[in-house]
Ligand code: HEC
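What follows is a single chain, given as structure tokens, in the form predicted on its own.
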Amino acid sequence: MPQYFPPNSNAFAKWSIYGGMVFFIVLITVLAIFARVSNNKVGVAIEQPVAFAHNLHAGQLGISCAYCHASVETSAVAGVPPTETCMACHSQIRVGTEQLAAVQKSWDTNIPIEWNKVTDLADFVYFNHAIHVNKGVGCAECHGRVDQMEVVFKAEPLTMGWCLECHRAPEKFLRPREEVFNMAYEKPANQLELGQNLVEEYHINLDKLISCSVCHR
């Protein structure tokens, strides 16, 4: 029977299979890294339909996060302010200015302002604002110094690894509840001692924190 393939065909076929497997693994790894990096957009300012300056409102004027994000202490979502919240002040202040035209239009037409998301977690991640706020996690831990931002941007990567840094050692990050909305809060020298006391005081279950089902439901 004639030989149709050269003697080294078997070796070539074997190494082609091995090479294809390596290429496939590398390709999947590269795509996963690219997806994570391209979607993170840390530090990228997100323009909004209204030029709301957080550094003015939360910084200079000292308006609490909870005034605009009213459901942050009671709900999984922090909530975006309805137009009524804006008009509580701006029906009297800077009325008719160009910067507030979109707010006035929303008020007149009863059509909500469509704010653009700055932090958009994946659908398979469950995050509850209320539980974090009530357990002593400050807003700035995840959102950065919003009181210093003119246009808000994503301050932290919010990847699984980043979240686990806190879930594995919450005592490094916790603060008293009354300081949660204090953007200028600085961790004291005895943070570990304070944090450990707060873990006990706020009844934080350390074993549950690292359970997959806490964030993936």
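The first residue of the shown sequence is 1; numbering continues from there. Only a predicted model underlies this, so the values are computations on that prediction, with no experimental measurement involved.
Beyond what is shown, the protein has a form predicted in complex with this ligand; the following relates to that form.
- When this ligand is considered in the predicted complex, Ile204 lines it closely, a heavy atom lying within 4.5 Å.
- Heavy atoms of Ser64 reach within 4.5 Å of this ligand in the predicted complex, making it an interface residue.
- Thr159 belongs to the set of residues with a heavy atom inside 4.5 Å of this ligand in the predicted complex.
- At the 4.5 Å threshold, heavy atoms of Asp120 reach this ligand in the predicted complex.
- Residues of 75-103 lying near this ligand in the predicted complex, listed in sequence order, are Val77, Ala78, Gly79, Val80, Pro81, Thr85, Cys86, Cys89, His90, Ile93, Arg94, Thr97, Gln99, Leu100, Val103, the criterion being any heavy atom within 4.5 Å.
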